[in-house]
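Okay, here we've got a single chain as C-alpha cells, the form predicted alone, with questions on binding and movement later.
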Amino acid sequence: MYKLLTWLGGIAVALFVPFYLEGFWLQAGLFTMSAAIGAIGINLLTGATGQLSLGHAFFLAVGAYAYVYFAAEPEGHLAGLNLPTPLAAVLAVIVAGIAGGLFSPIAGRLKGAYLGIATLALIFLGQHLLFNAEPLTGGYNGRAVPPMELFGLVFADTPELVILNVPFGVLERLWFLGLAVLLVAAWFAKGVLRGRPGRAMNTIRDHEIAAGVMGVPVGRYRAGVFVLSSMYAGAAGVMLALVFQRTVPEYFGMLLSLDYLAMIVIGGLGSVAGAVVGAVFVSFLPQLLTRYSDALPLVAEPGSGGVSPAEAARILYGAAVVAVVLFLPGGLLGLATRIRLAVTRRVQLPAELTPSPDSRS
C-alpha cells in the first residue's frame, strides 16, 4: 500500500511539473527519464540476471539513429524512409532488439567479466559505424531528429499550443510522452521480475548450477534478457534523440555505458525503483553542477581549464559507487527502505507500550 501511494503521489506531482518549472528543469527531467528507461533495461540484465554489459551505449545509439533513419526524409546524401514517427519509434526499438538478438548467442554462452569484455567491442564497432556510415548517421555532424507526431499533436515548438495560460513548447510536450514511456517500461519490467521469468533470472544470478538442475534453460534466458535489455536501450535512445533534437556520435561512447552501470549500482541492483533512483542521481548531478558552477568551489565552466561540471559529477558518483559497494549493498533504495522501516518501528513502538483502557481498569 505504501509503495502504491508513493507511486501515485509521484505521478500526480509529475503531471503538474510542466505548468510550473522552466525549460532547464524540464530538459534535465527528460534526460533523467530517458536514462531511467535505459537503466531499467540494464538492471534486468546485470542486476536481476547477473550479466555484465559494457555495450549498453551501443544499443542506445541503434535506437536513436534508427528512429532518425526511419522518420527522416531523404536529403542530399542522407538517407531516410519518411515513415510516420510513431511507427519509426516502434521500428527503432525492434531494430535495437534485433541487434541484441544478433549478439545474444554470445551473451547466452558468456558470463561475468567475459561478457563485459565482449560487449566492450560493441562500443568500438558502434563508434566506427557512427562516424563513417554518413548516409545513415551524418558522420561527425550527426543528424537532425524529426519531431514526434502522435494523434495530430506535434512534439515541437510549432504549432503554438497554450494550456491553462502556459505555452507548451517541445519540452512541455515531450515531458508527458517521456513520463508515459517510463511508466510503461517500469510496469512491464516489474511484471517480468515478479513473475516466473524474474524468479528464473534471480536463480541464474545467485545459483546458476542449481538453476540448470531445476530445468531452467540458462543460456536461453541469458540471451532473451539481453535482447529485452537492448530494446529498453533502444527506447531510451529514441527519447534521447527527441530531447536532444540532434544525434551526436560522441555521446554514445564508453563513458555513457559506465554511467549506466553507475546508475544501477548506486540506485540498487535488481530493482526497477533502484534503476530510477540511480538514474536521477547520475543524470541530474552533472546538470545541476553545470547550472550552479559559478557558485560552487572547485568547479569551473566547461573549457576554462579547471574541473568541469561533467568531470566533477563523475568524481562524485564514482565516490558514490565505492561508498555503496562498501557500506550500502542495497544502494540508495536499500538505504531509503531501511530508514522507512526504522521510522515505522519508532512510531509503532510507543503505541505498543501505551496501556489500553481495559488494562488500566
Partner chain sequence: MTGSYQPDGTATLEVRDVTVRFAGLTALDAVSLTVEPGSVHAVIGPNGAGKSTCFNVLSGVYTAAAGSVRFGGAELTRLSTHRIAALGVARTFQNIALPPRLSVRDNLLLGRHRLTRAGFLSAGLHLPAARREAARHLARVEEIAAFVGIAGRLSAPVGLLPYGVQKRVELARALCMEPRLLLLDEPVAGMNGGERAEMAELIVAIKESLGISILLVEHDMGIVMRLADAVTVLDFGRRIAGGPPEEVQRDPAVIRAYLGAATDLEEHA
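Here the structure is a predicted model, which is why all the values come from computation and not from measurement. Positions refer to the first chain, counted from 1.
Heads up, the form predicted in complex with the partner chain isn't pictured, but that's what we're talking about next.
Comment: 183-191 is the region of 144-152, 72-80, 247-255, 183-191 lying near the partner chain in the predicted complex, near meaning a non-hydrogen atom within 4.5 Å. With the partner removed from view, the residue among Gln127, Ser104, Thr203, Gln287 that has a non-hydrogen atom within 4.5 Å of the partner chain in the predicted complex turns out to be Thr203.
Only one of the listed residues (Ile117, Ala210, Ile163, Ile94) places a non-hydrogen atom within 4.5 angstroms of the partner chain in the predicted complex, and that residue is Ala210. Using a 4.5 angstroms threshold between heavy atoms, Arg291 stays clear of the partner chain in the predicted complex. Taking the partner from the other structure, the partner chain in the predicted complex has a heavy atom within 4.5 Å of a heavy atom of Arg196. When the partner chain is considered in the predicted complex, Pro159 lies well away from it, no heavy atom lying within 4.5 Å.
Although the partner is absent from this view, Tyr221 contacts the partner chain in the predicted complex, with a non-hydrogen atom inside 4.5 angstroms. In the predicted complex, the residues of 215-232 lying within 4.5 Å of the partner chain by at least one heavy atom are, in order, Gly215, Val216, Pro217, Arg220, Tyr221, Gly224, Val225, Leu228.
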